[in-house]
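Listed next as structure tokens is one chain, alone, in the form predicted alone.
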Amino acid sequence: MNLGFIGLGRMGSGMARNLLRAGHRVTVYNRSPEKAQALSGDGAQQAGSPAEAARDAEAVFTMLSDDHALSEVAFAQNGIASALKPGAAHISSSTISTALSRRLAEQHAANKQVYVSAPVFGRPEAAEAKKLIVIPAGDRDAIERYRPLFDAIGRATFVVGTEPSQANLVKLCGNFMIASMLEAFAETFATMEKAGIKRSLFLDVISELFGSPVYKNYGTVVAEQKFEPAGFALKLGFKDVRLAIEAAQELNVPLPLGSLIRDHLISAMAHGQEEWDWSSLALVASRNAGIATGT
């Protein structure tokens, strides 16, 4: 297929590269052009604007950091909506609000374009290794048409529903559960440290108990306190927890644990951890327990 890909951070670069490896023709755009140039060696064509990346595409992916960035790319004068052909699709893999997802669906429908929300679970190394979990929602026929693209970037695809915003809600709630796990690690590791028990020993016990690679991978980062370079920046984790709380509020669902984690993420940012991996949330519990953290 002729594809566009916009947003070439650590996640987007791996996804675009796997689409190229699958034999698709990919035109890429990134606000920092050097990231687009880096993919030219893999066969990507470089566009000068989002509109140029979308103009001849059967589908254009976006993988951007937040609502503001995606709104700019989608709705600006030289954005996706202005150039995408009728019947072609905007596939958004960004972690965004359910409200923006609904707005995108309405605008693309008005332009006779297709909108599929397809956020992903996985860290940058999973994106590079084609091991993401893809969770699309939208028109069923469109999802089936583009399923080979999801297969090219991930190891599993779960169709969430026919409303694109449903996929965004699943993504936000999934990230909220990961944040809840990080909070649990933070509190228990602080307890272990004050009791003189090695974090690595406790992690071995928990890994055996739960048998989860997510527990193992994140637990290792927290136990070893290797928070840089970030696989997922703490400031983005704060954004996702905030959006999860807002989405739940629309449904009259309280998230008391979410409110606690939100406040702890604010505390972490107050200590300069915005660009660290969001697993550095653990340092908040350490400081609260009187354990020296160096920040």
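All residue numbers refer to positions in the sequence shown, first residue = 1. Note that the coordinates shown come from a computational prediction; the quantities given were computed from them, not determined experimentally.
The form predicted in complex with a small molecule is left out here; the points below concern that form.
The small molecule in the model of the complex comes within 4.5 Å of no heavy atom belonging to G43. Though the partner is left out of this view, R31 does reach within 4.5 Å of the small molecule in the model of the complex, counting heavy atoms only.
Interface residue remark: R123 is counted as part of the site for the small molecule in the model of the complex, having a heavy atom within 4.5 Å. The small molecule is not shown here, but in the model of the complex it comes within 4.5 Å of a heavy atom of E72. Scanning L260, A248, L236, M269 against the small molecule in the model of the complex with a 4.5 Å heavy atom cut-off leaves one residue, L236.
Just one of V241, A57, M63, L265 comes within 4.5 Å of the small molecule in the model of the complex, counting any heavy atom, and that one is M63. Partner proximity in the model of the complex, defined as non-hydrogen atoms within 4.5 angstroms of the small molecule, places exactly one of 90-98, 205-213, 161-169, 103-111 at the interface: 90-98.
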